[in-house]
Ligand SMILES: NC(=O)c1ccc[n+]([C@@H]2O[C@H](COP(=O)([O-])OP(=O)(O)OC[C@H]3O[C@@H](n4cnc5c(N)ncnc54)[C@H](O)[C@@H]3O)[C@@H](O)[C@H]2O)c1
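Shown here is one chain on its own, the form predicted on its own, set out as structure tokens.
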Amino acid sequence: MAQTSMIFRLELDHKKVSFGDVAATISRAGGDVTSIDVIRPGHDASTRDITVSLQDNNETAVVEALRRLDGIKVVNVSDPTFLVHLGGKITVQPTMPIKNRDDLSKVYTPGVAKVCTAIAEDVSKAYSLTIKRNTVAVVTDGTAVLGLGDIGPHAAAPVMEGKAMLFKQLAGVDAFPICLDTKDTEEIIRTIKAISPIFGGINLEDIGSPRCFEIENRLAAELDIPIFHDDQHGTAVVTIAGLINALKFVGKRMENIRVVVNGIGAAGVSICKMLLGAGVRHLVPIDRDGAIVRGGTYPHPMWQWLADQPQVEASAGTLKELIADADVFIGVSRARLLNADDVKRMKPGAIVFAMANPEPEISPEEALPHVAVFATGRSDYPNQINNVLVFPGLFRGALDCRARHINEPMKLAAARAIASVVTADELNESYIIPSIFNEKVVASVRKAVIEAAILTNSARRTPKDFR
């Protein structure tokens, strides 16, 4: 059951009701009192903030029960999640104070003119003399926000702000949310290109498929800074990282396994490409209408690319038919597509990554008795496949070596780096992927990405710690 907490501000008439009555009423309505703060004490009346833990978001039932209680006035109901978003979650801070006229003349006019001239004469100096060296744009059109869909650019902003917070806290990268009020592919590309001079990298986020493919491909071809669509590649990198360790645990090799991937959208396509790059020789991509088969013809360019790959199986069929004898199931689709009988037909030592959010393709309770390793995209189960493990360290590395782009070897290096953080002693069925708060993750990913960028000639500089 989903659990959340709410804060209820109540006025109590002590002649009519006791706090025991309030607590009992909340309990009967399905809530648990976790803390009490007295706002205004009094002999005859008082005002208190009651924090209540709720199951399955039954806020309405608790409010109605309290309002029916004689002697209680419900003044306000606050969601603590909303409180942390008040006024936004990020700010812009100067790196030095302006205390006097001399300071002002250096950071602004007239002193700034000589810096502008230096950059005009050599554009590469923008990396050393402006924020470009450490700044990423987190760009969305709000059309494919995880679990919410097409909610628009205004409603998508809290997600982008949260991502900017993670960039800064985990990797020291200054990221800024850019929410575009357009769904036009050409306008999005044109706008990102127009704002790109101040950014060292572009993180595309929550842009719907199939437009996201063209937007990323065009920007990567037309700009000389890293472009990374996190919904595609971030998910793929962590999936591969988890799979590397899951295979170690069950004693199988990448080149010998048969992998079924369900949901061939933005994330699914990228996962399939990375699986092939990692050495998978038996791949079964499946979407709503069934398997994408080798030799088939498809209107979707990325589906056609998959159909042209020799590692993709030629057998048509549905998910329930083709999951039989699979070693690995990876789902980035929708809830409740599989049951226990389906995963029982997988090979011994089965690995299931059911990553549909908020509800996976098969519940852990159904799958766990029949599989060796189970992972989801949720934080309330072990083995969470979370993009936060990727993008901070990946962009930290790309910025530090001034990468021209983020290529497949850099992504595969990031996946292997994440996997390597879990030691042989730590590896078990419930721990195939490190915590997002593991301090080794960003450093390991950064190092691996820089090494791969240097080897593939994507890097324009070699950081001091690599010389």
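For every residue, the number given is its place in the sequence shown, counted from 1. C-alpha atoms forming the largest set that superposes within 1.5 Å between two forms make up the rigid core. Note that the structure is predicted; figures quoted are calculated from it, not measured.
Just so you know, the form predicted together with the named molecule exists too; it's not on screen, but the next bit is about it.
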Listed residue (Ala291, Ala266, Val371, Val260) with a non-hydrogen atom within 4.5 angstroms of the named molecule in the predicted complex: Ala266
Of Ile215, Ile362, Val332, Leu275, which one comes within 4.5 Å of the named molecule in the predicted complex, counting heavy atoms only? Val332
98-106, 169-177, 354-362, 69-77: which one contacts the named molecule in the predicted complex at 4.5 Å, heavy atom to heavy atom? 354-362
Would you classify Pro94 as touching the named molecule in the predicted complex, given a 4.5 Å non-hydrogen atom cut-off? no
4.5 angstroms heavy atom contact with the named molecule in the predicted complex for Glu161: no
Would you check, heavy atoms only and a 4.5 Å threshold, whether Ile385 touches the named molecule in the predicted complex? yes
Are any of the heavy atoms in Thr235 no more than 4.5 Å from a heavy atom of the named molecule in the predicted complex? yes
I have Leu146, Asp287 and Leu337 flagged as a candidate spot, so tell me whether each of them has a non-hydrogen atom within 4.5 Å of the named molecule in the predicted complex. yes
Aligned on the rigid core, do the two forms place the Cα of Asn203 2 Å or more apart, comparing between this form and the one not shown? no
Superposing on the rigid core, does the Cα of Thr376 end up 2 Å or more away between this form and the one not shown? yes
Superposing on the rigid core, I want to see if Lys89 changes position between this form and the one not shown - specifically a Cα shift of 2 Å or more. no
